[in-house]
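Okay, here we've got a single chain as structure tokens, the form predicted alone, with questions on binding and movement later.
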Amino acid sequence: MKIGFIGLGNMGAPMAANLAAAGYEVTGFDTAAPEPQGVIAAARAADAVRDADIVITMLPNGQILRSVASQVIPAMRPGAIFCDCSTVDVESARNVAQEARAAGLGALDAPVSGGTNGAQAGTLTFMVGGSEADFAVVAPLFDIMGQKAVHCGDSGAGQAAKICNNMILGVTMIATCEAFALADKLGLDRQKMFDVVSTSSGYSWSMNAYCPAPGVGPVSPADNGYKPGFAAELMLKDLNLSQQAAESAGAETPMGALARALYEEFVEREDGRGRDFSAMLPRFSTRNGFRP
């Protein structure tokens, strides 16, 4: 099985490298980033996909995905599968899938959860939309790049699952950071707070696995000066996607909307850009007074 890989940034490079290390022939292309070890360099995106059985993309947004898809789909051989692992809007995912199927190709939208550490370790979770037949063909690659892949439904369902998951993540991280900041002002020791909440009804991934308080719980970006594992601007991107989807679907998501507004303020008007999304804790810790 030959693989074409487009987008070799912080996420795509280790994913492609893991596939090459597993023995697959991987040809890669990126407009700026170098090819990782074991990946064959292509001069153009179309050259990377011409002989591929499966083409994987990991790109920044829906607009770039649509542009890349328009370049590579005509160059792919009939019967190959276009598998996009970017996090984009549902409409872009469905449009690209439709374009691929019209060209005689399979199509999957398969955004991931797990961040750069998961990409490097091969422990990502894939949320996949598309046909069951295409999912079955690509499943062995998901097993190399990740620890779990869930077939969520038809085209766009993978993006829908990712958007909903990360809306929960954004909301729960803000609540976790608010709680630690309140605990500080009430004189409650952070470790004692963690010991109670992590084993009580306040349990969450944001608290238990990715605690935003340095020196508390498992090692997390908080213990490394909030150097991003998942950057605040990427959380803002996903929350923007969630609210775009909510508006399109007529869904009421007030907590998601508030989380989006807070991360927008943090990234665009404060010091959040380039910091981990859990850096909301020092932000709240330095503030005083009620803020509706």
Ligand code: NAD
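The numbering used is simple: start at 1 and walk along the sequence shown. Everything numeric here is computed off the predicted structure, so don't read it as measured data.
What comes next is about the form predicted together with the named molecule, which does not appear here.
- Although the partner is absent here, Thr116 sits close enough that one of its heavy atoms falls within 4.5 Å of the named molecule in the predicted bound form.
- Contact annotation for Gly225: none of its heavy atoms lies within 4.5 Å of the named molecule in the predicted bound form.
- Among heavy atoms of Met11, some come within 4.5 Å of the named molecule in the predicted bound form.
- Shown alone here, Ala245 lies farther than 4.5 Å from the named molecule in the predicted bound form, counting heavy atoms only.
- For the candidate spot formed by Phe180, Ser278 and Arg287, no residue has a non-hydrogen atom within 4.5 angstroms of the named molecule in the predicted bound form.
- Contact annotation: of the candidates Val26, Leu236, Met58, Ile54, the single residue with a non-hydrogen atom within 4.5 angstroms of the named molecule in the predicted bound form is Met58.
- Note on contacts: among Ala213, Val138, Val112, Met167, the single residue with a heavy atom within 4.5 Å of the named molecule in the predicted bound form is Val112.
- Partner proximity in the predicted bound form, defined as non-hydrogen atoms within 4.5 angstroms of the named molecule, places exactly one of 46 to 54, 63 to 71, 259 to 267, 246 to 254 at the interface: 63 to 71.
- Contacts between stretch 133 to 166 and the named molecule, counted in the predicted bound form as any heavy atom lying within 4.5 Å, involve Lys162 alone.
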